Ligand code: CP3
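In the form predicted alone, a lone chain appears below as structure tokens.
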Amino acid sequence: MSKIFVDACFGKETPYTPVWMMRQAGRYLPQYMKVRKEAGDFLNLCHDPKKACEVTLQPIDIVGVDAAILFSDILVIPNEMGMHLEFIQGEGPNFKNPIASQDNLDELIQGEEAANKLTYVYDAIKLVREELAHDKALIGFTGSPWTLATYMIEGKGSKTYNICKKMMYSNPCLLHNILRKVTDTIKIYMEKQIQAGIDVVQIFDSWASAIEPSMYDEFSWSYMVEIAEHLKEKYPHIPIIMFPKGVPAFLDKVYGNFNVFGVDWGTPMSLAKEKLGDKYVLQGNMEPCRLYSKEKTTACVEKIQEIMQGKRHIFNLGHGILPDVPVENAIHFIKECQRVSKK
């Protein structure tokens, strides 16, 4: 059975424009919060295949999206490479042993050895695959090497990325060595996700905007493209979505063998269509805060549809849904996307 989301990723004609939301398996759903409470904490939830499966499927049943995205976290990769991850209440992710030298990096494992430790992710995929409706796609994902490196070097989230960027300008060799080790691990990790049963890969570069445009290709995009091309060579039937957040200045320089370009809410959809619409299917890009108003949601969905005309497009938010969005407003967004684009 064909999946509307997969067809749309390849630019095929679909009955309507499919829609999903980044962070759709998350805190805005009371059902998710119940399972998370049962798990004890966020990392326990990531490590429990049955519970990860349950929360992955919730948005399909409750909100009505056209694709499920695997519940996990981008930081499970560096954690299994040998960094010590914890989630601190009110502060978010924290690594006890941030990388400051080549010696620190040499202590980490990589590639097949690290990817083999992520069995709980592959087990969750297999469980979701068994329960997910045959016409619904399952999206697997990874953070980009640069985004993962920011956490590995800073030790936690950052507003300035000054430790990373100091390394970029004063010790670029070390930064490239970190990016290389992470890239080689991501390749195997995503292969194993595909083998476990995902239909689509999305690569998130959440902190793309931290890099000045003239250096973005060297320290981020080229590594993302390398991962995409590695996967395409082995699995050409698996569509790949690239989502670099906050890089409108980079649109003219986008290249690579992938299928869908995720457009963040700060990039005009019309500009993305002008620059990239002939080369890639576009995904996005409603400002997530519009979900607080059904009226503003409808207005934006209609505007995006007017620009894209239901062609070479996937509806989504321009970043993740926020925790205090009413569930009924999320459902409204999904129904409006399907309404305005129905052929």
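Bear in mind that the values here come from a model prediction, so they are computed numbers and not experimental data. Numbering starts at 1 and runs along the sequence shown.
From this point on, the text means the form predicted in complex with coproporphyrinogen III (CP3), which you will not see here.
Asks: Can you pick out, from 275, 294, 47, 36, the residue that has a heavy atom within 4.5 Å of coproporphyrinogen III (CP3) in the model of the complex?
Replies: If I apply the 4.5 Å criterion carefully, the residue I get is 36.
Asks: Which residue, 288, 310, 64, 26, is the contact with coproporphyrinogen III (CP3) in the model of the complex, using a 4.5 Å heavy atom cutoff?
Replies: For this set of options, the contacting one is 26.
Asks: May I ask you to check whether residue 74 falls inside a 4.5 Å heavy atom distance of coproporphyrinogen III (CP3) in the model of the complex?
Replies: Although coproporphyrinogen III (CP3) is absent here, residue 74 would touch it in the model of the complex, with heavy atoms inside 4.5 Å.
Asks: I'd like to check something about residue 325: if you look in the model of the complex, is any of its heavy atoms closer than or equal to 4.5 Å to a heavy atom of coproporphyrinogen III (CP3)?
Replies: Residue 325 lies outside the contact set for coproporphyrinogen III (CP3).
Asks: Whether residue 32 contacts coproporphyrinogen III (CP3) in the model of the complex should be assessed with a 4.5 Å heavy atom distance threshold; does it?
Replies: Residue-level check for residue 32: yes, a contact with coproporphyrinogen III (CP3).
Asks: With a 4.5 Å heavy atom cut-off, would you call residue 52 a contact of coproporphyrinogen III (CP3) in the model of the complex?
Replies: No.
Asks: Is it true that 22, 141 and 204, all three, sit within 4.5 Å of coproporphyrinogen III (CP3) in the model of the complex, judged by heavy atoms?
Replies: Checking in the model of the complex: 22, 141 and 204 are all within 4.5 Å of coproporphyrinogen III (CP3).
Asks: Tell me which of 205-213, 192-200, 105-113, 230-238 has residues with heavy atoms within 4.5 angstroms of coproporphyrinogen III (CP3) in the model of the complex?
Replies: Heavy atoms within 4.5 Å of coproporphyrinogen III (CP3) in the model of the complex occur in 205-213.
Asks: Can you tell me which bits of 282-300 touch coproporphyrinogen III (CP3) in the model of the complex, meaning any heavy atom within 4.5 Å?
Replies: Result: empty, none.
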